[in-house]
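One chain follows as structure tokens, the form predicted on its own.
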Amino acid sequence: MALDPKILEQLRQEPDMPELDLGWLGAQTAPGMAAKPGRRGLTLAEINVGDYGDAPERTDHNTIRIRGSVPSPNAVRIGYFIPNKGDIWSDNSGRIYEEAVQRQWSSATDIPWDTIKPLPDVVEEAICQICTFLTEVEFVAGDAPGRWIGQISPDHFETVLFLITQVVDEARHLDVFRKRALANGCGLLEAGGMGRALRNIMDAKDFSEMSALMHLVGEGFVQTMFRTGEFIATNEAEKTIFQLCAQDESRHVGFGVMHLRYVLEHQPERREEFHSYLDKAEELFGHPTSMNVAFQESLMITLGGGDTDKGLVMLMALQKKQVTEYLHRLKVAGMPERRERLHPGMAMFL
């Protein structure tokens, strides 16, 4: 079918080009500034200078304008952001983001999977029960912070960057524990023992509540267990898994500690609010492992190398360490009085 000659003539004409505006030239907020790499390279610390490093205490523009750029009258509002810096901020988020980027590892190639050998059935099943529990826990540990990423303003992007690395970390943890469960002929076992506590984290309506429940309590207890992984592990693959996961969890817990510290320093009226979050978490946990009988018994078997009497003694030592380190985190964050309000189920281990 032939084109209409008039249409063909229009197509051959040069399109109308808008006149150049060039109004954006010279719009820098800090002209002449040049970031230089430091000892660890060009990190956030090197570029967070002047106006670029000044995270406002409150942001109300609700646009995607990144901190340090020039406002535009044509910018549209794209949604709701948490306006107050204190509600989501942690002074160490930039540093631990850089560490997370530099210390990524692969569950496929960085774990010596060939060191896994046949184990007695009861020990293998205990390991797989632990891996089942941790697969569930790590799924929520990635999903919960991920729900807040889209609500944090670009003016406070350091927190966003850190939370993204946490989601990646937890995805890798979920992946590696699932792989261990399937690597030696057993597979995933009983699920759901921590459902109420995990639901509590997912139901948090405030970022600080989510951080207190997950970073300070849940992940803190898991981190302590990872750091004693050499007593749980039956081979080099499992030792490596626990060591690598522990270094990741340290960043997550560190964020929670410093977030609480920032809030208490800048919004001291929120102290009792945090106590209420911890009251709820401690009541659900009772003590660190009592919510999941299968998990508790599997820890006894692995800690004791199959000897449950020895394993019970070591489990109680682990639980004491979990509670002690939990209280230490709160003391560092500026809440030493929590020891006097500790749930009886946890206080018994002190």
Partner chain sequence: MPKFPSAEWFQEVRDVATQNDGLRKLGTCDAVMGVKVGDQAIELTFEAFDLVNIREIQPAELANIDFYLDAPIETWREMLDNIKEHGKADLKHTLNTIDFLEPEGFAKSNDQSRKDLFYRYLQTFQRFFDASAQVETDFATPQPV
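Residue numbers count along the first chain shown, from 1. None of these values were measured; they are calculated from a predicted model.
The next section is about a form of this same protein that is not shown, the form predicted in complex with the partner chain.
In summary, the region of this chain contacting the partner chain in the predicted bound form, judged by heavy atoms within 4.5 Å and restricted to 123-131, 163-171, 246-254, 263-271, corresponds to 246-254. For the candidate spot formed by Met202, Ser208 and Glu337, no residue has a non-hydrogen atom within 4.5 angstroms of the partner chain in the predicted bound form. Proximity to the partner chain in the predicted bound form, defined as a heavy atom within 4.5 Å, singles out one entry of Asp91, Glu236, Asp175, Glu190, which is Glu236. Arg227 is the sole member of Arg227, Lys179, Lys280, His156 with a non-hydrogen atom within 4.5 Å of the partner chain in the predicted bound form. Mapping the unseen interface onto this chain, Arg77 falls outside it, with no heavy atom inside 4.5 Å of the partner chain in the predicted bound form. When contacts are judged by a 4.5 Å heavy atom cut-off, Lys85 does not count as touching the partner chain in the predicted bound form. In the predicted bound form, no heavy atom of His61 sits within 4.5 Å of the partner chain. Remark: Glu136 does not count among the residues lining the partner chain in the predicted bound form, judged by a heavy atom distance of 4.5 Å or less. Contact annotation for 330-350: a single residue, Val332, has a non-hydrogen atom within 4.5 angstroms of the partner chain in the predicted bound form.
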